[in-house]
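This document opens with one chain alone, in C-alpha cells, the form predicted alone.
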Amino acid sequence: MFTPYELKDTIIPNRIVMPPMCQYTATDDGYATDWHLVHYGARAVGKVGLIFLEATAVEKRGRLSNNCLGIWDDNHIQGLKEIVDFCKAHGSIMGIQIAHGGRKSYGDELVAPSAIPFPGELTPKELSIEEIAQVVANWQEGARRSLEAGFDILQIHAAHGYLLHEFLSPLSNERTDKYGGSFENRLRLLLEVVEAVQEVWPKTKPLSVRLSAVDYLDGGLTIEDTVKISKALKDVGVDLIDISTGGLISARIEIGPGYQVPFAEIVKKEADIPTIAVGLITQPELVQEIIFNERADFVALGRELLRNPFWVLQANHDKELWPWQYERAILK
C-alpha cells in the first residue's frame, strides 16, 4: 500500500486516498474557508497519497447544502488554489470531485431527469434538452476552473443519487427522449459530460468517475450495469473508477469492514480499469490485503481519515516521513 502508482503523467506516492467528504463549511456563495485549508492540509502533512476535495458544485442550484464548495464562478479559483498549493507542497496529489446534486440539491430549484422526487423532498423540474446542454457546459467550465486551480486529477461525480446517477438509473429516469429508456440513452449524459470535460482537461492528466455500483433495489442499477458503464468510460478515455454504492433511494444494506470492496474488484477485473475501493476500511492489514491481492488499485479511508489525519504515517512506521516539527513526538 506504500508503493507509488503511475497514472498517466501523475505519480501517486502511495495507494491511500482521502475520498470526497463534504465539510459543509463553505460560505453561502461557495467559497473555501480557512477550515478547508487546515482540514485538507493536515492530511497532506499526514502523507495521504491522493486527496480529493469534497463534492464541489458546477452550478449554484446543484449544491448539496447551502455551505458546500462551488466552482461555478472564476472567483472560486483562488481559494481552491491556495489549498492545492499547500497540499502539493507537502507531497500529496490533489484531486477534485465536481458535482451536481440534481433532485438531492439544496434549495427550491431542483432539477432532475424526470419529475420524480427523492422520497420526502420537493418534486424536481424535468430538465429540457436545452437545459441539459447548459448543464453539460457547466461541467466543462467546472473542469476548466479546476485546471486553473492546479488540481492533478479531476473526478466527475456520478454516484450517490445525484444528477448523473439519476440519469443512469431507471428508477429515477423515466424520460422518453434520447436521454431515457434504453441503457445507452441513460448513459448518454454521462458520456457527454466526459466528452465536454476532455475538451478542457489535458490528456496528460488523469480523469476519474465515481459510480454507485448498485442501487440495492429491484429495477435499479446492478453490478453488471456498472461493468458496462465502466467499459464505456474506459473506451472514451476515463482512467480511474471510484466505486461506491447506493444513494439513489434509501435501501437496506448489509455493511461491515470492506463491504463495498467486492464491487471495486469486479469492475477492476471485468472492465479492466483501475479502481478505488472504499467502505468502512480502517485497519492497515485490510488495506494491504486489498492492494496485495489486486482487488483494487487504491483504498479510500473516509471516516478513518477524519478521525486520524496521520493514519498513513502511523501505518508506515517510517520515522523519516514525519514532519521535522513533530520529531520529538515520534515513538522510538
Ligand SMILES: Cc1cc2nc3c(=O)[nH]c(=O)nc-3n(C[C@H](O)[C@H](O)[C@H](O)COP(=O)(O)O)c2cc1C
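Don't overthink the numbering: it's just position in the shown sequence, from 1. Fair warning: this is a prediction, and the values are worked out from it, not measured in the lab.
There is another form of the same protein, the form predicted together with the ligand; it is not shown, and what comes next is about it.
Of E54, D297, E265, E59, which one comes within 4.5 Å of the ligand in the predicted complex, counting heavy atoms only?
Checking each option against the ligand in the predicted complex, the one that comes within 4.5 Å is E54.
Note which of V48, I276, L301, A26 lies within 4.5 Å of the ligand in the predicted complex, where distance is taken over heavy atoms; exactly one does.
So the residue touching the ligand in the predicted complex, by this definition, is L301.
In terms of non-hydrogen atoms within 4.5 angstroms, which of the given stretches 71-79, 86-94, 217-225, 152-160 touches the ligand in the predicted complex?
Of the options given, it is 152-160.
So in the predicted complex, does any heavy atom of L321 sit within 4.5 Å of the ligand?
Although the ligand is absent here, L321 would stay clear of it in the predicted complex, with no heavy atoms inside 4.5 Å.
Using the partner position in the predicted complex, report whether V38 sits within 4.5 Å of the ligand, counting heavy atoms only.
Contact with the ligand, no.
Quick one: is L280 in contact with the ligand in the predicted complex, heavy atoms, 4.5 Å cut-off?
So L280 counts as contacting the ligand.
Would you classify R145 as touching the ligand in the predicted complex, given a 4.5 Å non-hydrogen atom cut-off?
The answer is no: R145 has no heavy atom within 4.5 Å of the ligand.
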